[in-house]
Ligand SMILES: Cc1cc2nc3c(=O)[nH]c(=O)nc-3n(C[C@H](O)[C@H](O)[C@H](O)COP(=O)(O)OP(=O)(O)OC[C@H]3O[C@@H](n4cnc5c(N)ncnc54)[C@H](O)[C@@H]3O)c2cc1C
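Take a look at this one chain, the form predicted alone, written out in structure tokens.
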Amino acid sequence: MANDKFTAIVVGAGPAGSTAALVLARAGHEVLLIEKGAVPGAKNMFGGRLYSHALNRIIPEFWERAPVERPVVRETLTLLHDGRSVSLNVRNLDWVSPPHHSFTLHRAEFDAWLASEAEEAGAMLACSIRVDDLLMENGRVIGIRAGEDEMFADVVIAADGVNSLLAQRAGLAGMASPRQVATGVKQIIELPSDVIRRRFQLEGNNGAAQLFVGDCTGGMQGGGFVYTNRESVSLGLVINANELRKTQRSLFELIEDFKMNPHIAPLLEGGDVGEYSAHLIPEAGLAMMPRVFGQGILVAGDAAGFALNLGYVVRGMDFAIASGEAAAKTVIQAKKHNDFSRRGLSFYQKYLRENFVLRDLAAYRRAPEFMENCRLFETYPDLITSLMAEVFTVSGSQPVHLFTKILSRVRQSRVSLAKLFIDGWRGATWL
């Protein structure tokens, strides 16, 4: 391989990297897709949710052959505090039929499939290879070094995840701070499909997604999730890394407590843990985005910080896929003019704006700041769950009108009406 020169070397066979390789290979370019794990997906972890729109544009009706689990037809947001819970359920029958809004899936299976799509299109896939460094010439990236091997390309696409080694070596990024990332931990709980349908009140192969806020993270910035697969449930926590390092509790203890919560345990009863994994997740949006193009290099997916957490919606894979497509289009454009300089690759930002990535990140640029509000994860779950428990309690005591109950609970929460109004206003306009 030392004498080969590719149009592009893509480092990382996750959704961003495999999409970039697929689009480039379809256009007839020589592409090398490098994966550190033994197979694509072996080193990757995420909650298990794919919003369909980005991939459906590249592979129409991908769900007909991709290893997806269940189309999500019901969304639930649940607040937990001190043995109480309040849930908001959203069910949309439009999500039942194609084009499906989103799917649950297993990352290892999905990544392997998407990489195989790139291979079938003509990309070369090389696994179990650790990229140690970039090759530079006159300030421009010209390839990569893996052990004693040197491989050359017009462009290197860094899709190597959070705290991208390649983006740092190219001088495009530094290490992310603990405030900018979260630690995600997930377990796959194996259960029969009929049990899953019954417990989550599902029909056929339809699925459900549920997000949790409050006691599941001990009041720390973050949340929990439960997603239904065909014959398993994905359960996990995502907690801000800066918050996590302040606590004395381990991730293992936190997720075990989450599983034992009386509002969660009945959903998992009798299940066996089939998988356990943990991973860093970018959460700061535009605030942590590095320079995404340089001399002979582009940065895509998690390596570029392309993820969005709004509390009620968590997106990552659609950003990764769309950024991989944008990176490929940029390389194709640069190849036409044989210009792989910073200027020649600057089209990347244009494509990222056109396909929603930079547009959406800009629209929600203040969301990460809002999500740092500690009241969201302890005070408000307490306030709302206690208020709703009181509203639905009949005890024979002196009647109290709803408005009086609300004011009383707000006073007990020690949140001023001014703070409540400000938080509500920011939440409505920033999220």
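Residues carry their position along the shown sequence, with the first being 1. Nothing here was measured: the structure is a model prediction, and the numbers come from that model.
In what follows, reference is made to the form predicted together with this ligand, a form of this protein that is not presented.
Original post:
Ile34: heavy atom within 4.5 Å of this ligand in the predicted complex?
Top reply: Taking the distances in the predicted complex, the answer for Ile34 is yes, it comes within 4.5 Å of this ligand.
**OP:** Please check if Leu298 has a heavy atom lying within 4.5 Å of any heavy atom of this ligand in the predicted complex.
**Re:** Close contact is absent here: in the predicted complex, Leu298 is far from this ligand, nothing within 4.5 Å, heavy atoms only.
Original post:
If you check in the predicted complex, is Ile9 within 4.5 Å of this ligand, heavy atoms only?
Top reply: Contact check for Ile9: no, nothing within 4.5 Å of this ligand in the predicted complex.
**OP:** Give a yes/no on whether Gly311 approaches this ligand to within 4.5 Å in the predicted complex, heavy atoms considered.
**Re:** Outside the cut-off, so no.
**OP:** Establish, in the predicted complex, whether Leu80, Gly222 and His263 all lie within 4.5 Å of this ligand, using non-hydrogen atoms for the distance.
**Re:** Per the other structure, none of Leu80, Gly222 and His263 touch this ligand.
Subject >> Residue (of Ile281, Val72, Leu134, Met151) lying close to this ligand in the predicted complex, criterion heavy atoms within 4.5 Å >> reply: Exactly one residue meets the criterion: Ile281.
Original post:
Using a 4.5 Å cut on heavy atoms, which of Tyr227, Phe340, Phe293, Phe212 is close to this ligand in the predicted complex?
Top reply: Result of the distance check: Tyr227.
**OP:** Within 4.5 Å of this ligand in the predicted complex, counting heavy atoms only, one of 317-325, 248-256, 195-203, 285-293 shows up; tell me which.
**Re:** Contact criterion met by 317-325 only.
**OP:** For the stretch 107-134, return the residues whose heavy atoms include at least one within 4.5 Å of this ligand in the predicted complex, in the order they occur.
**Re:** Arg107, Ile129, Arg130, Val131 sit within 4.5 Å of the partner.
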